[in-house]
Structures are given as C-alpha cells and as structure tokens.
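One chain comes next, on its own, written out as structure tokens in the form predicted on its own.
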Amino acid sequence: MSDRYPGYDVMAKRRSMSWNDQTRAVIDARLAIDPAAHRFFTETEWQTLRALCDRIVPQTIARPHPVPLAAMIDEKARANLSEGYRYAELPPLQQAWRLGLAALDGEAQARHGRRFHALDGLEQDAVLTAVQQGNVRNPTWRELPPKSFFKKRILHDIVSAYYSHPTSWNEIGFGGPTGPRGYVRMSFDRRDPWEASEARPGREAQARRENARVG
C-alpha cells in the first residue's frame, strides 16, 4: 500500500462533527467483526470463501487492521441483507452464495482434483477466469449462471465490502459518510479542510501536516 495520504486516519473523525451517533454505531459494528468468525457458512464453505476473497482483493501488504472480507460476507448472508432487488437469473442471496461456493469447489475438483482453497494462486485465478467467462465444467452451474454469479455476487459483494471499511477509506482518502457535516467544495481538485490531503511529489511533508489536523 503506497502512503498516498500520509498521516491520515479516518477514525480521527469519530468524535468530530463529521459523524453523528448513527454513523459511529455503524462503523463501530464493522470494526468489531471478528475476521475468524462465521455464523452462516459451513466450515467447508468458509474455507472456500476465504480463499475466494483473497484472490478477488488480495491484502498482501502488512497492515494493522486488514478488512475482514470473508467475515463481512458471512454476516451479510446471515442477516440476509439483500439490495432490495434481485436479478432474475440468480437465486436469492443466501442460496446463490451456497450454490456458488459449492460450484466453485466442484469446478476446482473437475480441473485440478482439489478443492478451491487447496489450489495455488495461479490455479485459483484460472478457475475464476473460467467462471467469469462461463467456460465451466461442473454440473452444479446448471442451477447458477456462472458469469452472473461472478459479476453480480462475487465481485459486487466482495468489492463492496472492501470499500465499506475504514481501512480502505484511509487508502483512498475517503472521509466516511457525509452526514451530518456534508461537503461544500464540490469542484474538481478542491477539498474541504476536513478531507484528506493527497501527497504529491515534493509535498509529502505538507500533506502529512494537513492530514494530522483532519477531523
């Protein structure tokens, strides 16, 4: 992770007027998620889900608080937190994830003789490419369109989870939810004083000083 916003920590806003009680409660709940806990998926499904999350959004650089992607997907499925709509070709959220993880394991078995989590990174990527392109062998996919599952569940749910977490907000300089303070300077390349300052060549120290005051 490059230090694009040096000295910036979105959690410094926690007690400022940028966030209200509802915002604090939502973010605290996300930070409290146990990365090793799963209450919806079985142990077999959990192994596959964790390996899948690691390939879609690799978190290979050491960081104090990695985004607990698999646990966030598990919680979403447990609570059945749908988007309020459903693509006609896909089953409901919980069923889609159960079928999809089983199909992913079946595809790995058909191609490599091992479950998805037991494959190396290149083999996993090859399986995921086949699913993305709809070039699949496992019969479980008859119940679940592979291309739609890849795009509308795997990518949607995992990437959305990643960018809903304060760890990723620090990486992209995002200030979190806009209420109740909101934003004023909406023009291109302008920022409010409570937004993160991006480090550009030659002004890294200045950005660090400015980000230390963000709140």
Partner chain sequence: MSADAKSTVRAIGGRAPDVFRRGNWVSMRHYADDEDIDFAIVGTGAGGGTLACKLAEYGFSVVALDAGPYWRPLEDFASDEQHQEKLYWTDERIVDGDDPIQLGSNNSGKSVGGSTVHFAMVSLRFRPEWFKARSKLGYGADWPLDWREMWRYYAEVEAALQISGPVTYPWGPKRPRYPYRPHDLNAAALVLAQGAEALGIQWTATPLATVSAPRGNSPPCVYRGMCVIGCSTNAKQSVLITWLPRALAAGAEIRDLAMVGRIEHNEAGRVTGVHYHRDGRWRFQRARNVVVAGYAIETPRLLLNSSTDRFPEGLANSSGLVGKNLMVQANQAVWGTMDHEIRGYKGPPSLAITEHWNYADDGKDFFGGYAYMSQGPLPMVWAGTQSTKRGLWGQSLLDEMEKYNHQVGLKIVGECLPQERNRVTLTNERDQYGLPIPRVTYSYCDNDKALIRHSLAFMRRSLEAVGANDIWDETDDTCHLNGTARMGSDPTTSVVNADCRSWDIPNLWICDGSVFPTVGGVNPSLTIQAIACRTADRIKRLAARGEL
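It should be emphasised that the depicted structure is a prediction, and the values quoted were computed from it without experimental measurement. Numbering follows the first chain given and starts at 1.
Just so you know, the form predicted together with the partner chain exists too; it's not on screen, but the next bit is about it.
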{"item": "The partner chain contact at L31 in the predicted complex, heavy atom, 4.5 Å", "value": "no"}
{"item": "4.5 Å heavy atom contact, P146 and the partner chain in the predicted complex", "value": "no"}
{"item": "Contact of N135 with the partner chain in the predicted complex (heavy atom, 4.5 Å)", "value": "no"}
{"item": "Partner proximity in the predicted complex: A102 to the partner chain, non-hydrogen atom cutoff 4.5 Å", "value": "no"}
{"item": "Residues F41, R114 and A118 all lining the partner chain in the predicted complex, heavy atom within 4.5 Å", "value": "no"}
{"item": "In the predicted complex: members of 152-189 within 4.5 Å of the partner chain, any heavy atom", "value": "K152, L155, H156, V159, S160, Y162, Y163, S164, W169, E171, I172, G173, F174, G175, G176, P177, T178, G179, P180, R181, G182, Y183, R185, M186, S187, F188, D189"}
